[in-house]
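Presented below, as structure tokens, is a lone chain in the form predicted alone.
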């Protein structure tokens, strides 16, 4: 008669338990794909009225892959696989070397490592997004600095996005060599980041998340020198400054002579736009001698001592910096699973041909 320990041991390694756990995990995964994740509680109360919202919030379906029920099921499945693998390995090692079949054992080990990595990812994964213009830089988690060198955007003939790509340089960090050696290895420090082709570094990865353009305004001073301002930036003058606030639709009104005019808050600062000007206007905050005025101007118009020359489209690359401690385990798990399936298939094929 089996002892209580033997009964528990047999139950934990049973195939039936594995099937039940797999079905439950699959149901949770399906629910996580159907129900939007990470929304506020009010979202689910309004979107899924009645008992549905109660079930979603109580069982953590609003954050399935980091919820306690999902993690408990995952842990139980890992325990089942571990005991099953141990039991099978002890049986295989008792056989002669030539009759051992370790393909399923490697497959089970790969699944264990894969599940461990997935749970670790669900609990520890963090991410942040940085938006860089050409020449701009940002700090990385390991103390290194990333600089955006160039951006490339490709489209299909019908206008659909085809490819986003960022060329970056990375300086410093724990493994940075001497300055002379680093300068000699300049090309090595330059990387390309594409959608679905992230840059992986020790402890984190950098993904190409998005790409867009923003308009900068170009101003000319009385000497004819040009300077560009992005939104929120300002250019100082001897008696004040000009600050680029935002873009606004043209709101021209017709003056006495039939040409559109835009009032800027004081009678002595009226701005006249060309009749054919229908482009988007820019909103500026103008300070002169302590007086501040909001000015809406189109290209060619004066803004204090400056002339609004036009717009400059600036490409901005959105990069996601993701720290994922579980990724190495997930990658190793996939390799072991593939290796286990391959060895099992080869051994069975040899047996059929023997």
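The term rigid core refers to the maximal set of C-alpha atoms that superpose within 1.5 Å between the two forms. This is a predicted model, so every value here is computed, not measured. Positions refer to the first chain, counted from 1.
Not on display, but discussed next: the form predicted in complex with a small molecule.
**Q** Thinking of the small molecule in the model of the complex, which stretch from 220 to 228, 98 to 106, 144 to 152, 123 to 131 has heavy atoms inside 4.5 Å of it?
**A** Contact criterion met by 98 to 106 only.
**Q** Does the small molecule get within 4.5 angstroms of any non-hydrogen atom of residue 244 in the model of the complex?
**A** It does not: once the small molecule is placed as it appears in the model of the complex, residue 244 has no heavy atom within 4.5 Å of it.
**Q** Quick one: is residue 111 in contact with the small molecule in the model of the complex, heavy atoms, 4.5 Å cut-off?
**A** Yes, contact at 4.5 Å.
**Q** Does the small molecule come within 4.5 Å of any heavy atom of residue 348 in the model of the complex?
**A** Within the cut-off, so yes.
**Q** May I ask you to state whether residue 166 is within 4.5 Å of the small molecule in the model of the complex, using heavy atom distances?
**A** No, residue 166 is distant from the partner.
**Q** Do heavy atoms from each of 22, 81 and 344 fall within 4.5 Å of the small molecule in the model of the complex?
**A** Each of the three qualifies.
**Q** Could you work out which of 215, 201, 88, 194 is the residue within 4.5 angstroms of the small molecule in the model of the complex, going by heavy atoms?
**A** By the 4.5 Å criterion, the partner-contacting residue is 88.
**Q** Is the shift of residue 291 between the shown form and the other one large enough to count as movement, that is, does its C-alpha move by 2 Å or more after the core is superposed?
**A** No; that C-alpha moves by less than 2 Å between the shown form and the other one.
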